[in-house]
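Here's a solo chain for you in structure tokens, the form predicted alone.
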């Protein structure tokens, strides 16, 4: 039997491993394992390390995720975070209140961000626990998508159209931060970086605008990240820009449940690995039998020939998804994901 690392690398090489890799991205669920609130769970590196290791043993996912919450990157810029009892923490009030604030904005140093430093410590400790047997997945918000949290969606879109010089400066600041943050995670032991870029999705902006903005930013940023990357549109559609995404050289793409896995697998054509696309929102209401059906469907559409990792469609399993469903997903992946997939027509 392969290790998780061997399994994932084989799939990324567009070959068939022993079974379909499963990325069960239970970030917050470690708090449940330790009997802690989400706020308390994320307050100490030791909590997250222990939570991730318990989740790994319980659900046998093929990766570990040091990621805490996206708002940490806004905290580094001077923002704050709003915590909830039953969901992911969110970024607080925008740190850029007026476009003029961008003129004075500077990229924060990773070493000065307490939350960022905590994530790096989690990464180091996980690496010490698992070595090269399990991939450790780091996360960085793209320079193009981070401004939604920094200043709000509507003001950001206005900035893009009305103040191109300030938009360019904001991209330069965010790019410098993104590159330092991603590379710091790789240096701490992360195997790869997920480049979260939901604003680039055709769900949010046109392809024409994407090519002028988010695509250019990705083409400039990804080569500066000193390791493998996967682009994730965080539930957004992507088939309309699939060739543009492939041109970035990314190794994987997170696929929305709004689009067909078979179409994505055909569009990938050996250029990148397809990651997805179980519906995390609907997953909250699945029975174990429904979970098995959904896993079988996904593997049947995209599993053959490697180049596929089974995961949810957003990159984070909701807090409300029950343990019995997660265990059913794991069991179904074991049952239906073993190569060769002779049952697939």
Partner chain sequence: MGSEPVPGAEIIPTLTGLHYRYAGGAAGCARKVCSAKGTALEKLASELYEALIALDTPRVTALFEEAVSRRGPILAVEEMMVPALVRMGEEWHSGRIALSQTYMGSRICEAVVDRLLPHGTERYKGLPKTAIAVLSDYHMLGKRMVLSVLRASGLPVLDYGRMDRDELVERVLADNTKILLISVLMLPSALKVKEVRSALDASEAGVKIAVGGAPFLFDPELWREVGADAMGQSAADAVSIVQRWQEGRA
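Numbering follows the first chain given and starts at 1. The structure presented is a predicted model; accordingly, all values stated were derived computationally and were not measured.
Another form exists, predicted in complex with the partner chain; not displayed. Remarks below refer to it.
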Single option in 111, 262, 219, 82 placed near the partner chain in the model of the complex, where near means a heavy atom within 4.5 Å:
82
Can you pick out, from 243, 132, 103, 86, the residue that has a heavy atom within 4.5 Å of the partner chain in the model of the complex?
86
Non-hydrogen atom contact residue 279 with the partner chain in the model of the complex at 4.5 angstroms
yes
4.5 angstroms heavy atom contact with the partner chain in the model of the complex for residue 320
yes
Although the partner isn't part of this model, could you tell me whether residue 26 comes within 4.5 Å of the partner chain in the model of the complex, counting any heavy atom of the residue?
no
At 4.5 Å between heavy atoms, is residue 313 in contact with the partner chain in the model of the complex?
yes
Which one, 266 to 274, 119 to 127, 184 to 192, 160 to 168, holds residues whose non-hydrogen atoms are within 4.5 Å of the partner chain in the model of the complex?
160 to 168
The partner chain in the model of the complex - contacting residues of 194 to 215, heavy atom within 4.5 Å
202, 203, 204, 205, 206, 209
